[in-house]
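Okay, so here's just one chain, in structure tokens, the form predicted on its own.
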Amino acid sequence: MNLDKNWFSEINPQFGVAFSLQIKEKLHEEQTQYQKISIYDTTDFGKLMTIDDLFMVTDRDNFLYHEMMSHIALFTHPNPRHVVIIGGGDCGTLREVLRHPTVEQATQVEIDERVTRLSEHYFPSLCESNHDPRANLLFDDGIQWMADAPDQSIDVIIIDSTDPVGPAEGLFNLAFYRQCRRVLREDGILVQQTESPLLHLPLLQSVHQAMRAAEFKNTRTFQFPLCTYPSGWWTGTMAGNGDLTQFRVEAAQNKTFATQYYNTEIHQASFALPNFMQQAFS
């Protein structure tokens, strides 16, 4: 992190890259039991939340992440009724999930309540569905919650986590995916944010391998831009036993809510991967 001359910079020396936003002022900072959370007001990206000095969410580009992490999986599932979000404390993914009329309950399991409470204050538009009667906000360990969940009780699991270090490290391994496989119904879908294909390709490979080892028959990675995350290029990876190449096209075309990024063409195009990724996952 570098705050020199009113710029916040996330520096990744292991990759030789950095990204900066110009800030007007720091609005809040606190150290919770789990992590340091900071809120800034930027000149051009609205409010910015960082966790342990890493970009987490901005007003300007969060729609890219939240829409892709929710609508790809929910329109791929034939009838998503019960959804669980592990992490997702800024509540943007929860908001997008609850736009789907088929969803009867969406449970968000976030380990650090302060992420949500600060989001409610500084990012109120992301939290506009927090009081939806279908929303169930829990502040607990997502790994333990999944271990305790009943067999075949969930349709879609969304792992909306921070990077695979600290509290989120246990969300990227075979043991956790096995629990997800147990909890999902037979046509259930797991989707996880899987970092940058340019910088984190070994992680992506290990996720595919672990998901398959957990007895998911199919895995599939999609891509999207996200300029405030390292390299500006991000991915999500789905796992399931159904055909992940098909989705409810008519429902997506005639969706009852507006999106800024997601549409049926984006859904299809996001799975067109460059050769180096295809080779890595083969």
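Note that the structure is a prediction, hence the values are computed from the model and not measured. One-based numbering along the sequence shown.
Below: the form predicted together with another copy of the chain, not depicted.
Chemist: My question is simply whether W233 lines the interface with another copy of the chain in the predicted bound form - judged by any non-hydrogen atom within 4.5 Å.
Modeler: Within the cut-off, so yes.
Chemist: Using 4.5 Å between non-hydrogen atoms, is R248 touching another copy of the chain in the predicted bound form?
Modeler: Output for R248 is no: heavy atoms all beyond 4.5 Å of another copy of the chain.
Chemist: In the predicted bound form, is there a heavy atom of another copy of the chain that lies within 4.5 Å of any heavy atom of T43, even though the partner is absent here?
Modeler: Output for T43 is yes: heavy atoms within 4.5 Å of another copy of the chain.
Chemist: Counting only non-hydrogen atoms and a 4.5 angstroms cut-off, does F63 reach another copy of the chain in the predicted bound form?
Modeler: Contact with another copy of the chain, yes.
Chemist: Counting any non-hydrogen atom inside 4.5 Å, which residue from S38, Q35, Q223, N241 sits next to another copy of the chain in the predicted bound form?
Modeler: Contact residue from the list: Q223.
Chemist: Verify the flagged residues K47, P124 and M146 against another copy of the chain in the predicted bound form: is each one within 4.5 Å by a non-hydrogen atom?
Modeler: Not one of the three qualifies.
Chemist: Going by heavy atoms within 4.5 Å, which of 149 to 157, 92 to 100, 194 to 202, 106 to 114 lines up against another copy of the chain in the predicted bound form?
Modeler: Correct option: 194 to 202.
Chemist: Taking heavy atoms and a 4.5 Å limit, what residues of 6 to 44 are near another copy of the chain in the predicted bound form?
Modeler: Residues within 4.5 Å: W7, S9, I11, N12, P13, Q14, F15, G16, V17, A18, F19, S20, L21, Q22, T43, D44.
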